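The chain that follows stands alone, in the form predicted alone, written as structure tokens.
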């Protein structure tokens, strides 16, 4: 029997499962918190600039949705903060002084964003139009502060910096600024912010595309499609280039993760690009999949002669589930490629007719884009987090050494409680969004919603 298996503590699996579930739930709301304020302000500006009541109505409704999703995201993110300390005391206790500052910055950003979002939402019909708009302008930038701080902490786990480990194992010479601005920060941050804007944009557009397919082809739905779809179409090619640069950076900084992403089994040159396939850890081989000769070496170093370290070089430090990492990476890259086709189709069609493309295949394609981008976002986090295993701090602290000493049964119970709580939270969020949608559609038959600025109706009485 493998002695490594015996060394794994029983509480590691429930701790990892709970953390993974909480992260994957929370990430659903983050793109809306980061990107939706910018889109509502674009609609707000368009409405004020051109005296467009339809654009103003969109901005007001998007602000209400943004407020709800921000609140749910904040609640699920708060649970994550507790889990960091309770499930991984070996990480927070030993390295909290090094990478704790971004969490403090994130907290300040959260409070400031909450205040600004509340002012903006309650400012409709209470503030002068341009005053209301300018009070909302800081929201997208404050949201970026929160994204910056969290991504900085995660990037530090991938590229630890800003400290020294003494011969006795103590953490010394702590430099929080060097820890924040670690080598992985900029490419992780840029990749994530682009992904957040794409996810929010394509999801928002897909909602109105569904209405368009059902025959609601009015100006309200036209703007609801064109504003976010234009943003998504512009950002998608940029994301594709950034993603390629990040893969090269990971090839240089975390070769074991790159080997898992591309399922490179044996080190060498002329490595093929393998699409999907099942990795067999017992024989270090891949079963099935589509192999493209030399492409992996070419993408990693612009030459088929590029030497790529394989999983054979990391027998004790390769990701615990190579197939999951590899499939997640291929799925993310595949969805990115599909979205580029959608962006090109939309760009050409709009350039020719200055309207929403009428082709039903395009509309079905656009209607599914929101789900596709969220699958890509989840896959990206799987590549980042599962791909770093068995390290919680790359090459320094193994995950099994950071986990709590709590009883495994107790952790399974707490995981079950978290599952139930988040199920209630998800059902409640969907119910409120559906109620908002029904109320908005009913109000479309009146003139009240057009008057988003000016004295409130009861003031006039």
Partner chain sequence: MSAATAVAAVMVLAVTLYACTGLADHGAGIWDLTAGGSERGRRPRSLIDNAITPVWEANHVWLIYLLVLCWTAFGDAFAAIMSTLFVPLALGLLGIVLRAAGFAMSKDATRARVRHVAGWVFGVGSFLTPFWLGTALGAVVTGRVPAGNAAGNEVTSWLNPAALLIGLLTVAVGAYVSAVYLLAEARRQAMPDLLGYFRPRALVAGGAGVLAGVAALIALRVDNPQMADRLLSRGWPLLVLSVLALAGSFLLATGIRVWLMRLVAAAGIAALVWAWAVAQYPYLLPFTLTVSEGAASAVTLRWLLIWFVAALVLVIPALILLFRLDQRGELGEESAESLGDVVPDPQGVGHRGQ
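Positions refer to the first chain, counted from 1. The structure presented is a predicted model; accordingly, all values stated were derived computationally and were not measured.
One more form of this protein exists, namely the form predicted together with the partner chain; it is left out here, but the text below deals with it.
Proximity of residue 304 to the partner chain in the model of the complex falls outside the 4.5 Å heavy atom cutoff. Taking non-hydrogen atoms only, residue 87 approaches the partner chain to within 4.5 angstroms in the model of the complex.
In the model of the complex, the partner chain sits beyond 4.5 Å of every heavy atom of residue 21. None of the heavy atoms of residue 217 is located within 4.5 Å of the partner chain in the model of the complex. Taken together, 92, 97 and 110 are fully in contact with the partner chain in the model of the complex: each brings a heavy atom within 4.5 Å. From the list 47-55, 388-396, 31-39, 66-74, the contact stretch for the partner chain in the model of the complex under a 4.5 Å heavy atom rule is 66-74. Comment: the partner chain is not present in this chain, but in the model of the complex one of 349, 242, 165, 135 has a heavy atom within 4.5 Å of it, namely 135. Note on contacts: among 295, 210, 105, 338, the single residue with a heavy atom within 4.5 Å of the partner chain in the model of the complex is 105. Residues of 181-195 that come within 4.5 Å of the partner chain in the model of the complex, judged by any heavy atom, do not exist; none qualify.
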